[in-house]
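One protein chain, two forms: both are listed below as structure tokens, the first as structure 1 and the second as structure 2.
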Structure 1
Amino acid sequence: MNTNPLRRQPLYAQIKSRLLLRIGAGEWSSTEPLPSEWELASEMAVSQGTVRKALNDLVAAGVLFRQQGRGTFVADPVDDWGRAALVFPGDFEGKPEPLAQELLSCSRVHAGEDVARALQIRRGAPLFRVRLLWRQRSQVAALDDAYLPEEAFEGMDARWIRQSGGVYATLQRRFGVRVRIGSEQMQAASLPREEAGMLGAMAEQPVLVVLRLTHSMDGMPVEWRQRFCLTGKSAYSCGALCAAV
């Protein structure tokens, strides 16, 4: 019995998977064009048409992009903050300071009612939960819980997230899924005890909670994220993000 999943895929999909592995391994940078279709076809012992179909899929997903007369390049992944940022209150002109990411865990959980409804999956379906801590000037600033359907992202691994630099970069480089942030909702809430411990804050302390639903480029929901932000000394800016959605 043949258990190799690639053998059950069309040839162009196998080539697409192989290209994704090479992109994920960093074989090509965003400033270096991929080899030509002819070169890739010769290297992988397939037709140019097969390679072109695989590349077209990756371009449509936003993993690659083409420049007339220059070639095909790897697109930079969307950052986990999108266009949002933590900024100094009242500063509309200053450039936001970068946030340092710390991966706390990547574990399996089951979908609750709200997450299942948002991701259009059954309640209790298996999910990956990725917990990320964010620091600004070495101070803890935010905590993320990102939920992803296990069926869509089988084999999700903490090492990939560390190597790629975030959830969205992992989805693009390892699974060929480039995301767009569909919507965000914000509310003031009391910080739960577990999350308070991770943030080094007091339980029941008022915080800003951001709920985000992320889609693939073809409109399918791929991630539900809850972000707890300590905004005592900063403000959550999403003006550019909201304008872009």
Structure 2
Amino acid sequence: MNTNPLRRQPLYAQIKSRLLLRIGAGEWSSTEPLPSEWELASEMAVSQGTVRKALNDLVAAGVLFRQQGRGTFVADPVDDWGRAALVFPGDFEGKPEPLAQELLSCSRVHAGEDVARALQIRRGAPLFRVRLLWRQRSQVAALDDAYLPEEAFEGMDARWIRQSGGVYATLQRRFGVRVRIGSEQMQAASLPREEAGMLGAMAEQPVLVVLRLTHSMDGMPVEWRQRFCLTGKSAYSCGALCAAV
């Protein structure tokens, strides 16, 4: 039912926004299904097909998942590891191993220029810096430095994060902010000395650095994160792959 001549956005996009707001507000837990397509359609006065398009888009974005015969569910509170499935440790074509998280610290710092720009806050604004260590079968695998504006998350500390089991879980539980990963980018680097100490690894060794921007459901930047990954297995030198004829 499109009765508004002023609209610029298609109906299904409006449905998506309205759903994202309600999902962000925690209206449905991850074990409780959303209303059925037909119910949503009637609530929102559109057809079931339009609701379906909106829902499928959110599934593609990783916000929801659906199961035939059961219903549509909010995807599990985002794991701090995120969707870095492309990054091991592990084999190409191998199944990913589960990673264990360990909270190292939650401290106050001031925003540098790059972080401030990414988070759309002023330079020098107070930030929380959360340090996490990732282990795979007790082997250290990665180190995260996550930066969040202090203003938006006043009172956050290590205890809360430990209790909730992660930064994103804390944001959701304590502040009602459900997040989704906005963008990630990767580069190779030498492991700086300070980070090497925390990883218990050799400084200067090659590491995969993942930069991540995380947003709230309504699109506001919430966290800037840098991850140092020890990707283990070294690259093939061309000789090891094959022999010349």
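For clarity, a rigid core is taken as the largest C-alpha set superposing within 1.5 Å between two forms. Counting starts at 1 and follows the sequence of structure 1. These figures come from a predicted structure and were not determined experimentally.
Source of structure 2: the form predicted together with the DNA. When the larger rigid part is held fixed by C-alpha fitting, the smaller one turns through 65 degrees between the two structures. Superposed on the core, the two forms differ at residue 31, whose C-alpha moves 4.6 Å between the two structures. The rigid core superposition between the two structures gives a CA shift for residue 65 of 12.1 Å.
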